[in-house]
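One chain comes next, on its own, written as C-alpha cells: the form predicted on its own.
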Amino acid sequence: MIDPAKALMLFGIIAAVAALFFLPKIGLVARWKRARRGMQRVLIEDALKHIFDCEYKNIHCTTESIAGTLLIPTDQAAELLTRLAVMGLLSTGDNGVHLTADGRSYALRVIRVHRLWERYLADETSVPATEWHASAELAEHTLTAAQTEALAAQIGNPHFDPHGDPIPTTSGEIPPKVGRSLLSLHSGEFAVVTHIEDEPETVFAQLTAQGLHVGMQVMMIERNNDRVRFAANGEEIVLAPLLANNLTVAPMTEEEQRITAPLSPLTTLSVGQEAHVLSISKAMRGHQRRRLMDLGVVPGTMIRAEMTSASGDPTAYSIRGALVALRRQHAEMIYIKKD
C-alpha cells in the first residue's frame, strides 16, 4: 500500500520541478526561449550592420563575409540571410545581397546607438579608447529608442563618433564616405586625420598607442612597400602599410598649410619659461579634459614652468596664480606658443 504522505511529497517534488522548468515567465524553458530570441536578434542586427557597412564602402557582401564577421558557420549565415529576406529586410539578385528600405532603416538605428554610445564614452567617461567599441556592441542591442534620444540630447546631438564615423540622424540620414587612405599621400603632402578604423581591435590599439587621433595634422615623409613614415604634431611615426591603411585623411590646401604652424607641446617649456596655451589635443577627452579646463588650461592662458620633480615627472606649472603638477603624458597634449 502506498503511503499517502510519501505520495504527497513525491507529487510536490514533481510539481516543483515542473514549475521550475515550465512556469510561463520565470521557468527555465521561458528563460531559454527569451535568451534564444535575444541571440537571434543580435545576429540579425549584426548582419544588417555588416551589409550596410559593405554598401557604404562599396564592398561586395557575401555569405562568407557575414559568417566571418559574426563568427558563425557559413550554413548558419546562409539561413540568416534567408530569414532576413523573409522579413523583408534584404533582397537578393545577380549583384549579391542588398538592404531594402526597411533593412537600411533598421541598420541605421542600430548604428546610431553604437556611435552615440562611443561618443558618450569618449566625452563623458574615462573609459579607455580601446574599450569603446566592445561596450557599444552591447549597448546597441539594449538601448530603447527613448533612451537613445535621451543620450543624444545629453551629449549635444553630435554628428560624428570619436573615430570620425558619421552618426545617422533620427530620420536615417547619413553623409557619404569622404577622405582617402593615408597611403595615398605623396612625400611632403599635408593632411588631417578624419577617421581611424576601430576594427580589428588589435589594429586600433596599435594606432592609439602611437597617439593618433581624429583631427591630428600629418605630413607624409616617405612611403614604400615596407613602411610608411610621416610626421604628426612634430613627431615622426613609422607604421607598416597594413596599419597605415586604417587611417583616412583629408588633404590640406596650400592656404591651410600656410596658416597652420607646427604645434609645440607643453613639455618643450623649460623651467622659468612662459607661454600661452593654444589648445588641448583632441586625444585628451572626458574627465581629464574637463579637469585641465577647470584648472584654467584654456586658449590664451599664460602658463609658466616652475620646477620638476627629482625624476623629471611630474612638472609643476604656474597657472592663474596656482601651482599645478602635470604628468608628462598630460603635458604632451597641451599645445603652447612660447613668448
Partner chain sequence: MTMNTQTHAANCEDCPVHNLGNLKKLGINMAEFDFVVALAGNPNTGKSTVFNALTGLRQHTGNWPGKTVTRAEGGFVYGAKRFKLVDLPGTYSLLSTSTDEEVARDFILFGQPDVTVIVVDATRLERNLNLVLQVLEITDRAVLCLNLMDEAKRHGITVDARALARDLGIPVVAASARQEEGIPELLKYIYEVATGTYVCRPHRLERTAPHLERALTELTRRISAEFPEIPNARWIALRLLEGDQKIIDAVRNGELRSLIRRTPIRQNEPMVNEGAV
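For clarity, a rigid core is taken as the largest C-alpha set superposing within 1.5 Å between two forms. Residue numbers count along the first chain shown, from 1. Since this is a predicted model, take the numbers as computed values, not measurements.
Keep in mind that the form predicted together with the partner chain is missing from the display, and what follows is about it.
> Using a 4.5 Å heavy atom cut-off, state whether Ala153 contacts the partner chain in the predicted complex.
Taking the distances in the predicted complex, the answer for Ala153 is yes, it comes within 4.5 Å of the partner chain.
> With the partner left out of view, is Leu295 within 4.5 angstroms of the partner chain in the predicted complex by any non-hydrogen atom?
So Leu295 counts as contacting the partner chain.
> Does any heavy atom of His287 come within 4.5 Å of a heavy atom of the partner chain in the predicted complex?
Residue-level check for His287: yes, a contact with the partner chain.
> Is His60 one of the residues lying within 4.5 Å of the partner chain in the predicted complex, judged by heavy atom distances?
Answer no; every heavy atom of His60 is more than 4.5 Å from the partner chain in the predicted complex.
> Which residue, Gln76, Thr268, Asn157, Thr100, has a heavy atom that falls within 4.5 Å of the partner chain in the predicted complex?
Comparing distances to the partner chain in the predicted complex, the residue within 4.5 Å is Asn157.
> Rigid core superposed, CA of Leu292 - does it shift 2 Å or more between the shown form and the other one?
Yes, its C-alpha moves 2 Å or more.
> With a C-alpha distance change of 3 Å or more, do Gly156 and Arg290 lie closer or farther in the predicted complex?
Distance between the C-alphas of Gly156 and Arg290: shorter in the predicted complex, by 3 Å or more.
> Pro158 and Arg290: their C-alpha distance differs by 3 angstroms or more in the predicted complex. Do they come closer or move farther apart compared with the shown form?
Residues converge in the predicted complex, at least 3 Å closer.
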